[in-house]
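Presented as structure tokens, the chain that follows is alone, the form predicted alone.
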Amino acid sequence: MTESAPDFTPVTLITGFLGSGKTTLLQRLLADPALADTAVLINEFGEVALDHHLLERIDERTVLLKSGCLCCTVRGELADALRDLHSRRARGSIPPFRRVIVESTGLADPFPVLTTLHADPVLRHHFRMANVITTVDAVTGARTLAAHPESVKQIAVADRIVLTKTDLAEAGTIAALTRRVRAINPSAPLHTASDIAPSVTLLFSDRSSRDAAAQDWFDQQMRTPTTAEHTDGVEAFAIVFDHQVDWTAFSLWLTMLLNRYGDAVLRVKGILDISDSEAPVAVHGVQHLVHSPTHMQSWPDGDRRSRIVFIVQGLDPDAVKTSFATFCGKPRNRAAAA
């Protein structure tokens, strides 16, 4: 008996700069039987498209977007392709699918893909952004980050990062690149392609089930400096506080911040101790886009401090921290509220 389609089909974006191993990773993932019911959208830059052939899986659920860039003319085509897949699935004219993977061109800024799902009135009622997987080339990654700003954004928005070609790079090169990647995105779990067996569980956990990911996130923050500075103007910093926060005040502050400075906020995510709630609330945003908060079932461990991680470009961390303290004030402590 065929399972019914999910109410909101999860969409995973696989991004990473040119030659970083996106197609190879996708090929390995699609070999997992758990991904048999997956639709794949591929976007390449150039006149001749090859990636869909390299996948060795051509069927009605594999869609090749026209040559171009997801950050410009192909945005509309991406929306059209998703709407068409949804329509054909509903009519039963293609095999059913329970998730969508979008492999973007290595030249694409990933943000427009995320906004496409959020902005389109049809898509946002049938699809949801699950996560972003970013591949990073261990051999050329450092040079790429220095020369191509879009590669920095690809890492900054990642939920999971896969370091590829580690068998071809020197240990010192890998260590330096890992520090650079960690400085850009301190919280995303970092994997190496050589250690990954095709695993849906490993790479495809999404924002609707964050308890395990939250534990990884807490652990990483304990090992990461509060602020990391870079010559390209990208900084990662955290706001950590041990008092409860009023959700209305916080959501207004975050909305105003992103409305004014969204272009400079590459990534924001956090776990909050909310007034009148025993369980934490997870928040997640990219530039001007804020996803719906996730009410977690419980705290992942005994540390109940609220933590918000920002990855910004050209925005003063102290100004953000001052703004937060001024606007949100200092709500009552949990102990005092009991």
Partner chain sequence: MCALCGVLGGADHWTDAAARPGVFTYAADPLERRRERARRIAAANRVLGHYQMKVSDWQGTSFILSTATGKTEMVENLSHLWSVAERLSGRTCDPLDPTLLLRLDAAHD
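Positions refer to the first chain, counted from 1. Under this definition, the rigid core comprises the largest set of C-alpha atoms superposing within 1.5 Å between the forms. Keep in mind the model is a prediction, meaning the values are calculated, not measured.
If you look for the form predicted in complex with the partner chain, you will not find it shown, but the lines that follow are about it.
*Asks:* By the heavy atom within 4.5 Å rule, which residue out of Thr115, Thr173, Ser251, Ser87 makes contact with the partner chain in the predicted bound form?
*Replies:* It is Ser251.
*Asks:* On the criterion of a non-hydrogen atom at 4.5 angstroms or closer, are Arg124, Trp247 and Val290 all touching the partner chain in the predicted bound form?
*Replies:* Every listed residue reaches the partner chain in the predicted bound form, so yes.
*Asks:* Does Leu257 reach the partner chain in the predicted bound form, with heavy atoms at most 4.5 Å apart?
*Replies:* Close contact exists here: in the predicted bound form, Leu257 approaches the partner chain to within 4.5 Å, heavy atoms only.
*Asks:* Hey, in the predicted bound form, does Ile308 get a heavy atom within 4.5 angstroms of the partner chain?
*Replies:* Close contact is absent here: in the predicted bound form, Ile308 is far from the partner chain, nothing within 4.5 Å, heavy atoms only.
*Asks:* In the predicted bound form, is there a heavy atom of the partner chain that lies within 4.5 Å of any heavy atom of His295, even though the partner is absent here?
*Replies:* Yes - in the predicted bound form, heavy atoms of His295 and the partner chain come within 4.5 Å of each other.
*Asks:* Phe97: heavy atom within 4.5 Å of the partner chain in the predicted bound form?
*Replies:* So Phe97 does not count as contacting the partner chain.
*Asks:* Of 78-86, 155-163, 258-266, 132-140, which is the one stretch near the partner chain in the predicted bound form, taking non-hydrogen atoms within 4.5 angstroms as near?
*Replies:* That would be 258-266.
*Asks:* Can you tell me which residues in 260-277 come within 4.5 angstroms of the partner chain in the predicted bound form, by heavy atoms?
*Replies:* In sequence order, Arg260, Tyr261, Ile274, Asp276, Ser277 come within 4.5 Å of the partner.
*Asks:* Taking the rigid core as reference, does the Cα of Val312 move 2 Å or more between the shown form and the other one?
*Replies:* No; that C-alpha moves by less than 2 Å between the shown form and the other one.
*Asks:* For Thr322, is the CA shift between the shown form and the other one at least 2 Å following rigid-core superposition?
*Replies:* True for Thr322: a C-alpha shift of 2 Å or more.
*Asks:* Using the core for the fit, does the CA position of Leu254 change by 2 Å or more between the shown form and the other one?
*Replies:* Yes, shifts by 2 Å or more.
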